[in-house]
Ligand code: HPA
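Shown here is one chain on its own, the form predicted on its own, set out as structure tokens.
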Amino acid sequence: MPTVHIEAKKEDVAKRVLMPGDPNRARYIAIKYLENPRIVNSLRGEFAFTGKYKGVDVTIFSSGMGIGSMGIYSYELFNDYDVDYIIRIGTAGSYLDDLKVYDLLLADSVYSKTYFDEEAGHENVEVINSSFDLNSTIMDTALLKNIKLKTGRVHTTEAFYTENKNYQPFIDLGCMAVEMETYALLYNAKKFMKHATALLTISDNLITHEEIDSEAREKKLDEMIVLALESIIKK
């Protein structure tokens, strides 16, 4: 049954979901990689497409930007649509010299100082682990396909524009890169006992100031996309 934020019928959303933040990236993935993709959601401009990848049903569902938006969509997908697996596919900013632009980072855990946990569940949880099962599949798939993959903790922030340029406290907490959605996804996966992780392409390095442009963020992340697709169809 549709929710306040999702108009799709329950049967139109697959058990396996990839979640880019950008609706245009969701469309790009569906058109390029899915067999017979059909749009199942356009409510509020968050596009979702369902089709088959190598004969397996997959939904590509845009999450929007930030903890709030990811929190809403992942909650409803897990709770109302009975989705079992979600891989966030997106971009992140590197905190480390040797984590470079276009490198792939698989989140094994996430840190955030957000109030999302206290307001959503009356608890205080700063670090949440990714799905070990899902991560193992992604790492095995990367090895088989000879795709270089780094793993580590990511930092989910609520502020894209910030005056704080001191990244050392986050590095000291084990964070390799920063982004804006993973914490909410993993929080909801933990809440509903589902499987979730984040597979991220480094789009900019906050130390060296290298970055990729907006078009590349939308259309030149194919190595990450293929790895996510090849992995999720094994679940």
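Keep in mind the model is a prediction, meaning the values are calculated, not measured. For every residue, the number given is its place in the sequence shown, counted from 1.
In what follows, reference is made to the form predicted together with the ligand, a form of this protein that is not presented.
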Margin query: Does any part of Leu206 reach within 4.5 Å of the ligand in the model of the complex? Heavy atoms only, please.
Written below: yes
Next item on the list: Determine whether any heavy atom of Met180 comes within 4.5 Å of a heavy atom of the ligand in the model of the complex, and answer yes or no.
Entry: yes
Notebook entry, point to check: Does any heavy atom of Ala92 come within 4.5 Å of a heavy atom of the ligand in the model of the complex?
Noted result: yes
Check: Is there a heavy atom of Thr157 no more than 4.5 Å from a heavy atom of the ligand in the model of the complex?
Finding: yes
Next item on the list: Have a look at 105 to 113, 139 to 147, 92 to 100, 78 to 86 and name the one stretch with heavy atoms inside 4.5 Å of the ligand in the model of the complex.
Entry: 92 to 100
